[in-house]
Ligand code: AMP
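Here you get one chain, nothing else, as structure tokens; it is the form predicted alone.
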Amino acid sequence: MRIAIIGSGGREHAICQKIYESKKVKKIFCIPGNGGTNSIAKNIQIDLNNFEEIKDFLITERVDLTIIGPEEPLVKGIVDYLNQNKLYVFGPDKFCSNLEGSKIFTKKICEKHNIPTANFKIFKNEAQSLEYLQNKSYPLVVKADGLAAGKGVYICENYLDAKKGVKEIFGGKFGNAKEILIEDFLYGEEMSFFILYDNVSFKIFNTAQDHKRVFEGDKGKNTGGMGAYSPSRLNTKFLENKIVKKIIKPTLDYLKNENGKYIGFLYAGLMIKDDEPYLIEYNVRMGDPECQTILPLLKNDFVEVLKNCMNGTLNKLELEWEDKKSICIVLASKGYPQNFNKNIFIENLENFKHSNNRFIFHAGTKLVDKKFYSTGGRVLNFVSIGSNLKSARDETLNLIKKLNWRYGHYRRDIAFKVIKN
């Protein structure tokens, strides 16, 4: 098979690596890819918003399957566009992608189908929002409706926090805002729950716990994710059944009834309280960095999994997982998620290689004259697999220390709620 992967982050490098391990693959293209994918695939520099150029490339190169990694092309309808041109694409259509593209879209589904979630209100302007917030108890959550790269959510401890969030959102920080979402703060512990769906049946695709705050102890600003571990300590068969019955199935039934076409990963960000699940948000793709910590645990040939998903035969496939723990720690640029420098040389990175239980997935890198340079906020993902999370984390931290990139920042406490020092 000839496979193309759309995207340039750590998630896409992890997907690329898993596909590279399959004997069914003849050629891999990454559009645009990064410094890490460069060694196992051919990077192609095409603007992700240029659907026509992507289509032309896929046809010219006789690509059998295209995998869409990031959310923005999905929300903008790349799957619909490529399908219309008779190309096979792994990812949901534009309608289904509204689950991530509009938080309000998802909240209205929850309201209509009694899916457990935080109580919420929708407002169309700043004045109405602020009037409502003056008489509320805190903490509260203020959310931008559309895509915001994981940064459009404000956890507000008081009215001034909330006012700032409202003003920034309606002020255009995350694009033109026609509506805003204000919801009650949910107490509990977060869990990332993944399924693989072929528009007919679905398979649970493991669980993880993400750490979004930039500093240790879950302090500081929200980021795209500073690390994750898998599987989540919270998951049980009892809880899993509740999640599927109360959250996943009603959502998939709604999409089906509305003639949506969903082929791909669905990620439910959940809050678990007293063994009850509440939906925080949906992502219509694998999470990042959850993908980097989940995929190495998969024992199946990933290309075979994808083929079954494309053919609507997931029900014939049994997913197999390593009975181990996996942890991912993100090495970010100093200053992330605010101001940080780019194009910084990463010395000795070329000497770090994958092994059976150790991976370095590139997220924000480029390769120039056989040297790696940083290109983004989240630069590298260090992943280790072990019999327990403590040993896996120790191994991961040793790898980062061995690289010793002085322009980087990372958390040493990923999975701190599970690991007892």
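Don't overthink the numbering: it's just position in the shown sequence, from 1. The shown structure was predicted, so the numbers you read here are calculated from the model rather than taken from an experiment.
What comes next is about the form predicted together with this ligand, which does not appear here.
A single residue from the set E179, E276, E281, D161 has any heavy atom within 4.5 angstroms of this ligand in the model of the complex; that residue is E281. Site annotation in the model of the complex: the residue of L298, V153, V200, I104 reaching within 4.5 Å of this ligand with a heavy atom is V153.
Although the partner is absent here, E190 lies within 4.5 Å of this ligand in the model of the complex, judged by heavy atoms.
Put simply, D93 is far from this ligand in the model of the complex: not one heavy atom of it is within 4.5 Å.
K143 belongs to the set of residues with a heavy atom inside 4.5 Å of this ligand in the model of the complex. Using a 4.5 angstroms limit between non-hydrogen atoms, A118 touches this ligand in the model of the complex. Contact with this ligand, judged by heavy atoms within 4.5 Å in the model of the complex, is confined among 79-87, 256-264, 232-240, 181-189 to 181-189.
Residues in 50-75 all lack a heavy atom within 4.5 Å of this ligand in the model of the complex.
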